[in-house]
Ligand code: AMP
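So this first bit is one chain, no partners, the form predicted alone, shown in structure tokens.
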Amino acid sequence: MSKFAAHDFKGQKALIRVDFNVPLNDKYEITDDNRMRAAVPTIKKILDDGGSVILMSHLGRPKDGPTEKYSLKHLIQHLSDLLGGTTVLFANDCIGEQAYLTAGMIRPGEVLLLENLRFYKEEEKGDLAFAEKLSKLGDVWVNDAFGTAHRAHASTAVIAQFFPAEKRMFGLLMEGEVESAEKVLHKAEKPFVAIIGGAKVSDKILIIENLLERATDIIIGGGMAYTFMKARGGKIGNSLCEQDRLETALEILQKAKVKNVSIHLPEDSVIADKFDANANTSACPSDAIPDGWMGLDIGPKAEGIFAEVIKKSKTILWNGPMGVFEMEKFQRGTKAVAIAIAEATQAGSFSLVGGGDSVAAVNQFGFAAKVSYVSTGGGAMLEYFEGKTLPGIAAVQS
């Protein structure tokens, strides 16, 4: 049983760092509440135990202190609805007299939401005194914000030192994230395929190099594939290419050969005569794209080959789309990969999807429930798979 599940919160005030950094429209309505939903099981477990909950989060990137646009008060009603009508109290500050008074009076079964942490510059600076002020609000500190685990901020890492080891822990969301990432990174059943997409090789170099030590297969799609194609001497027309990364691409291919890792590049591509939803399209080999045309998705042959590799794998990591899936003409490749992952998962493989665009794709195509785990932390997951120590995880584990 996990530390969090085993802990009895009866009569305790749990100070939870959540990630409620959700998008709001110009009427301050939430347009995507996934991050809030993800925190509900942790909150409910504490309330069911007979504890009370004090929530702290950031929202957006406020530059000059308190701003209406970035106030967490806009989330109160929706949070109450997600918690089945539980009253959510609000403190118009995250430290200071009102926050302390409200936190002091809160009773078992009640929830208090604090105002945006980033209204104080000290939060992002990881200020010790600010972290100590926050720590006085609760008896136990629970980190359930995987999306900010790669930041050494006051509320995500520095605060831990003000709680003894038995009173600092991961929430259920964080536990699931860490467990899934560990399973892929350190306990992967072979064959293990990593599907890496996106625009730039430079964004994914570290993750690819770390995975060369672990994966049996690496599938490369998206705009970054054309840098590899050009490095191998192919003609890529007007496709995306990082000229200064051609040498890096060749080095990666060479390292893979030495380590006996199969790198799969798209044999063919869906090409377009301009970057536009209404462009003229065609299909051709990925290393023979005519001048004036650009690759915007993997082609039908690549779809088939990639699907075969995915279906024979026991562990699957997916980070990054295969093409410009936001445009209907160029979403087939990403959808084909999603279908293959869902089928492999159904057949018993473990699949982890992470990184903003991959998560958007599985949600858009309705496959979120058909993979083993969908990560909530884009940047955090990327850094984890690059082999970096994440401050928000280390703070709880140390």
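Only a predicted model underlies this, so the values are computations on that prediction, with no experimental measurement involved. Heads up: residue numbers just count along the shown sequence, starting at 1.
Only in words, not in the display: the form predicted together with adenosine monophosphate, which the text now covers.
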query	finding
Heavy atom contact within 4.5 Å of adenosine monophosphate in the predicted bound form, the stretch among 133-141, 321-329, 70-78, 113-121	321-329
Contact test in the predicted bound form: Leu240 vs adenosine monophosphate, heavy atoms, 4.5 Å	yes
4.5 angstroms heavy atom contact with adenosine monophosphate in the predicted bound form for Lys200	yes
Contact flag, Tyr226 vs adenosine monophosphate in the predicted bound form, heavy atom cut 4.5 Å	yes
Heavy atom of Asp49 within 4.5 Å of adenosine monophosphate in the predicted bound form	no
Residues Glu209, Lys314 and Tyr373 all lining adenosine monophosphate in the predicted bound form, heavy atom within 4.5 Å	no
Interface residue in the predicted bound form among Val193, Cys94, Leu296, Ala149, criterion: non-hydrogen atom within 4.5 angstroms of adenosine monophosphate	Leu296
Interface residue in the predicted bound form among Arg214, Lys204, Arg245, His153, criterion: non-hydrogen atom within 4.5 angstroms of adenosine monophosphate	Lys204
Adenosine monophosphate in the predicted bound form - contacting residues of 357-389, heavy atom within 4.5 Å	Asp357
